[in-house]
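What follows is a single chain, given as structure tokens, in the form predicted on its own.
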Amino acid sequence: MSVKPTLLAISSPGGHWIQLNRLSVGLEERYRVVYAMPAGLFTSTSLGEREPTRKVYSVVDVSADDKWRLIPCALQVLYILLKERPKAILSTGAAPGAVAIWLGSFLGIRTIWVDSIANVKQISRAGKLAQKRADVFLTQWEQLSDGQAIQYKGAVL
């Protein structure tokens, strides 16, 4: 029996979480997907129907405007990374995902950033931070792709 590699899927709530769930559904057959999202937002609808079978960690809800809260968020994400030892990190944003991309890159973990579909005219602020460390950086808008560092492979929604 082969053991599935672990994938950490992390995002902020709302549209980021919806996009992450749509992406990860197709990955659960191939990977053991471990999720992380802000704790105060756990509801049965936010976790979806697969809640009992999912492993979901809570992290501090943070934005780039609240830099002091980035510290506990980073410590929580680091704990998850050291405990779960994921082979890859997938994030659809925002700040908790950017933190995971940065920490993961320093730990030698493959990282994938999918910029939110809400960012039509430019890459998101968290995306710009993640772009510096992500192994794969995807946009959901063709006009934002440069064909090299920022790739367009379609839209999640």
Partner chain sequence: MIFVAVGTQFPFDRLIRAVDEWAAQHALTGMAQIASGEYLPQTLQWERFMTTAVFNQHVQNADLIISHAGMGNIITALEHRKPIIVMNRQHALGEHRNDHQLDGLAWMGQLPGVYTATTQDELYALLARQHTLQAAPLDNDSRRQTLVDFIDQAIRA
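Small disclaimer: the values here were computed from a predicted structure and weren't measured. Numbering follows the first chain given and starts at 1.
Not pictured, yet referred to below: the form predicted together with its partner chain.
In the predicted complex, none of the heavy atoms of residue 56 sits within 4.5 Å of a heavy atom of its partner chain. Proximity of residue 87 to its partner chain in the predicted complex: non-hydrogen atoms within 4.5 Å are present.
Its partner chain in the predicted complex is not approached by residue 144, whose heavy atoms all lie more than 4.5 angstroms from it. Contact annotation: residue 31 falls within 4.5 Å of its partner chain in the predicted complex, judged by heavy atom distances. Of the residues given (112, 70, 103, 129), 112 alone sits with a heavy atom within 4.5 Å of its partner chain in the predicted complex. For the partner-free chain shown, 18, 19, 22, 23, 26, 27, 30, 31 of 17-39 come within 4.5 angstroms of its partner chain in the predicted complex, judged by any non-hydrogen atom.
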